[in-house]
Each structure stands twice: as C-alpha cells, then as structure tokens.
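Let's start with one chain on its own, the form predicted on its own, as structure tokens.
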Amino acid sequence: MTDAIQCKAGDWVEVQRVLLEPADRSKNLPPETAEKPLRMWIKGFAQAAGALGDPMTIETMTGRLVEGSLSAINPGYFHTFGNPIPELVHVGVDLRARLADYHAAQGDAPAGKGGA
C-alpha cells in the first residue's frame, strides 16, 4: 500500500463493509469475536475520486459493483497459508507413486495425460 490518502477514478483500491453488527452475530462465538462487527474487504477499481474513509463504489475484477468505505489505495496482497506442515509436504508425491504402482500391478494405464 502507498501512503496516498486520496484516489482518482480508475485507481486500484480497497473498500471495507460491515456485514453483521455485533448484535446480529451468532451467539455461539467466543466473546472477543462476538463483540466485534463482521467485516469484509474488497479490492477493485474506484468509480470516482475519494479520500480514505469516504463512501466509495468500486468495480471488482469480475465486474461487480460494490459499495463500502475506502480503506486502502493501491493495496497489495499479503495473505499466507502459513508454513508447510512437514508431515504433509510429501503426501502428494507419495500418493502419486502409490497410484502408479497400483496401476502397474493392475496392468491398466492411469487416466489422463502424464499419469495419475
């Protein structure tokens, strides 16, 4: 994200929306979660100029028009799925080898190009 506080129409931005207020959230949530609103953040192209915090309509990459409060200008992607789990890293390779051995023992060719 840049230090910009204003955007112009067509800029890549992010808006924030409140989906559920605390009173509307499930009663099965932990208290520290239930006391906060459920929010979502959506990235897209600003449909007009605006400043951080302003109401803003954006067009997403899929063409949806979404309204929210401008929360970032030129946002990046910072998600992660965490570190690999050592016990699971080789599961795919091992499974493919086992399937190839099974197909070889059965005398049939695996489905699809390039094996299982």
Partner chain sequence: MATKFDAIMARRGEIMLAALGMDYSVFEQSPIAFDYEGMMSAHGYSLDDIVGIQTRAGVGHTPLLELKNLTDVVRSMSAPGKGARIFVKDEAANMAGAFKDRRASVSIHVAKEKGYEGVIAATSGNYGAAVSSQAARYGLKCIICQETFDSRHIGQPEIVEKSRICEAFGAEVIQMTVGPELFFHMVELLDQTGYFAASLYSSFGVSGIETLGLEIAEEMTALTGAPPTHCVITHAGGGNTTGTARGLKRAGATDTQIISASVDLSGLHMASDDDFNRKSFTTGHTGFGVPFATWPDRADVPRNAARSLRYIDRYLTVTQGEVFYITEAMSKIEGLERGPAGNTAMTVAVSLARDLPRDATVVVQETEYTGAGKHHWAQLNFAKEMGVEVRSGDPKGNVPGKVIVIPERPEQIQAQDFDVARMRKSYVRNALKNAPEGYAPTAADIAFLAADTNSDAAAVEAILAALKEA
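By rigid core we mean the largest C-alpha set that fits within 1.5 Å across both forms. Note that the structure is a prediction, hence the values are computed from the model and not measured. Numbering follows the first chain given and starts at 1.
This next part talks about the form predicted in complex with the partner chain, which is not shown.
Interface residue among T60, N74, Q47, S69, judged by heavy atoms within 4.5 Å of the partner chain in the predicted bound form: T60. At a distance threshold of 4.5 angstroms between non-hydrogen atoms, I42 is in contact with the partner chain in the predicted bound form. A residue is said to contact a partner when one of its heavy atoms sits within 4.5 Å of a partner heavy atom; G92 meets this definition for the partner chain in the predicted bound form. With a 4.5 Å cutoff on heavy atoms, L20 counts as touching the partner chain in the predicted bound form.
For L52, no non-hydrogen atom is located within 4.5 Å of the partner chain in the predicted bound form, even though that partner is not displayed. Residues from 82-99 that approach the partner chain in the predicted bound form with a non-hydrogen atom closer than or equal to 4.5 Å are G82, N83, P84, I85, P86, E87, L88, H90, V91, G92, D94, L95, R96, R98, L99, in the order they occur in the chain. Relative to the superposed core, E67 undergoes a Cα shift smaller than 2 Å between this form and the one not shown.
A movement of the C-alpha atom of V18 falling short of 2 angstroms is seen between this form and the one not shown when the two forms are aligned on their rigid core.
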